[in-house]
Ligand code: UGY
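The chain below stands alone and is given in structure tokens; this is the form predicted alone.
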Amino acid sequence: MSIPYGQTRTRIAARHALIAPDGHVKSIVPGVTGAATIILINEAIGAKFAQVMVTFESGGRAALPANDVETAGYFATGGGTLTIGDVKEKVAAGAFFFAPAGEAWSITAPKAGTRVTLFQKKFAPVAGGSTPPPIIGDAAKIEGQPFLGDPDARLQVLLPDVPAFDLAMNIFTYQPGATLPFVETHVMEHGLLMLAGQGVYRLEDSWYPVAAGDVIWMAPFCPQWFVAMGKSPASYLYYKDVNRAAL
């Protein structure tokens, strides 16, 4: 999408943001080499998680140490070798993973152009609760379920919705004209990446045209709504925090 000089589609508000690809700036992140790394969302914007996009060159790698940060990731393109602790698999586009806090993880031998979105947060354990296990999966094998009974709005739940997990990562796919059934207002914070198609996203009292490649941050209790537009389905990947007490 062509943007006139001196203009951008990016909008940063106090409790939401639309981050368009036209303004991306690379960052150097320890543990990631041979890659363009874009920090899209983190605490500097007011979030309690980070959303990072990594695009690998041939020979690039990511190797992150064991610490108190957990990571959920999605391979939008390409593929490589994914290792989480003692679990190691070759993966391709559409693969997703979860690396729990306390486990080192890495991506090695990626195909040139491999693009991975990462959602990271500090794990919030529950007293007496279990630790979530490492997960490597394929989104193509996760059947989309009609959202609140609407077959034109389907939700793929990628990670187990059980108390051990304090985050969720899902893919939402809409047929043209399909919408969220109502304006949602909830305690969960969101990070979102448009994967395909286009539409209009309402964030608080602002309305934004969005397309593949756009990123959205929604603070807790930010009113939100989406409608898919155009001639092809629209889909997005999103993060939210879940399964923890109100206080």
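The numbering used is simple: start at 1 and walk along the sequence shown. Bear in mind the structure is a predicted one, so any value in this text is a computation, not a measurement.
Omitted from view is the form predicted in complex with the named molecule, to which the following refers.
Between the named molecule and Lys26, Leu40 and Phe56, in the predicted complex, does every residue show a non-hydrogen atom at 4.5 Å or closer? Heavy-atom distance to the named molecule in the predicted complex: none of the three under 4.5 Å.
Hey, of 27-35, 45-53, 204-212, 179-187, which bit sits against the named molecule in the predicted complex at 4.5 Å between non-hydrogen atoms? Residues of 179-187 come within 4.5 Å of the partner.
Could you tell me if Phe172 has a non-hydrogen atom within 4.5 Å of the named molecule in the predicted complex? It does: once the named molecule is placed as it appears in the predicted complex, Phe172 has a heavy atom within 4.5 Å of it.
Any chance Leu193 has a heavy atom within 4.5 Å of the named molecule in the predicted complex? No, no contact at 4.5 Å.
Does the named molecule come within 4.5 Å of any heavy atom of Ser235 in the predicted complex? Answer no; every heavy atom of Ser235 is more than 4.5 Å from the named molecule in the predicted complex.
Using a 4.5 angstroms cut-off on non-hydrogen atoms, would Phe147 count as touching the named molecule in the predicted complex? Phe147: contacts the named molecule in the predicted complex.
Residue by residue through 201-226, tell me which have a non-hydrogen atom within 4.5 angstroms of the named molecule in the predicted complex. If the 4.5 Å heavy-atom criterion is applied to the named molecule in the predicted complex, 201-226 yields Tyr201, Met218, Gln224.
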